[in-house]
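Take a look at this single chain, the form predicted on its own, given in structure tokens.
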Amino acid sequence: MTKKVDLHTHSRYSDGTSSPADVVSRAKSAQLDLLFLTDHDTVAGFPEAEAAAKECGVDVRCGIEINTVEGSAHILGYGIRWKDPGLLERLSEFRERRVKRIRLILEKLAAKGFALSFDDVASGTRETLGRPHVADALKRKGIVKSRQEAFDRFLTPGKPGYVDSMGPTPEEAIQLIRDAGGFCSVAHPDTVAHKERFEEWAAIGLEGLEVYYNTHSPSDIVRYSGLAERFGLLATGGTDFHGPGSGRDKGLGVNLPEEVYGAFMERLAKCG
């Protein structure tokens, strides 16, 4: 027995291309048992998602994804008090750092002859800016054909428009989510450069690992299930849905084994 869920999705409040209401509508069509909206460094899209969920009967919860400075380590937060003033203040700070990073990226691109205005980029989101918005602006200018091409040519380490992340450390992200009453999971663990860090983070409060992910093969699931068990972590799962045209636009939902889903829901019930 399995439960079809998506614990990792994005809307246009960060680097997704769909409205929160559209994400909820897609969750309804996919017959999900549970949906989390986990925009990067913002919870501003959740009221819209919550209102849409009440209309169509989807179980939607507010989560968060916090990008960190370390080796593409992203921390997912569940069960958070999303109106918590301390949380909102720190997320605002993280978004301000993102703006600074984007301006530096634009300076580097302009120096190479690829001029974009800040407004070209900022028009692509309602809240949190990121490299995907630079990629989309490059696409609109006809410089690239896709987000992926933009990243490959300009926005990854060693490329002409790359600027290092200015986000918090993983430790800071974990503590922030815990302070807001929630618990944490490492997103898309394949992207984490130093996987030995999972054990260190578990010692300071990490509680989950995204075992069931959109691109994970059966052998990946076995491998990450083993790591989760080794470090005493819950298995979580999601598609990392970003919407049409994003390159991460396959259907919503991953199938969690009943016992995995049950353990997640038991932990979620303790939040608050």
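Being a predicted model, the structure only gives us computed values, none of them experimental. From 1 onward, residues are counted along the sequence shown.
One more form of this protein, predicted in complex with adenosine monophosphate, exists but is not displayed; see below.
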May I ask whether Asp15, Asn67 and Gly130 all come within 4.5 angstroms of adenosine monophosphate in the predicted bound form, judged by heavy atoms?
yes
Would you mind picking out the stretch of 141-149, 170-178, 195-203, 110-118 that comes within 4.5 angstroms of adenosine monophosphate in the predicted bound form, counting non-hydrogen atoms?
141-149
Give a yes/no on whether Arg126 approaches adenosine monophosphate to within 4.5 Å in the predicted bound form, heavy atoms considered.
no
Should Arg101 be counted as a contact of adenosine monophosphate in the predicted bound form, where contact means heavy atoms within 4.5 Å?
yes
Which residues, if any, of 226-259 lie within 4.5 Å of adenosine monophosphate in the predicted bound form when only heavy atoms count?
His242, Arg248
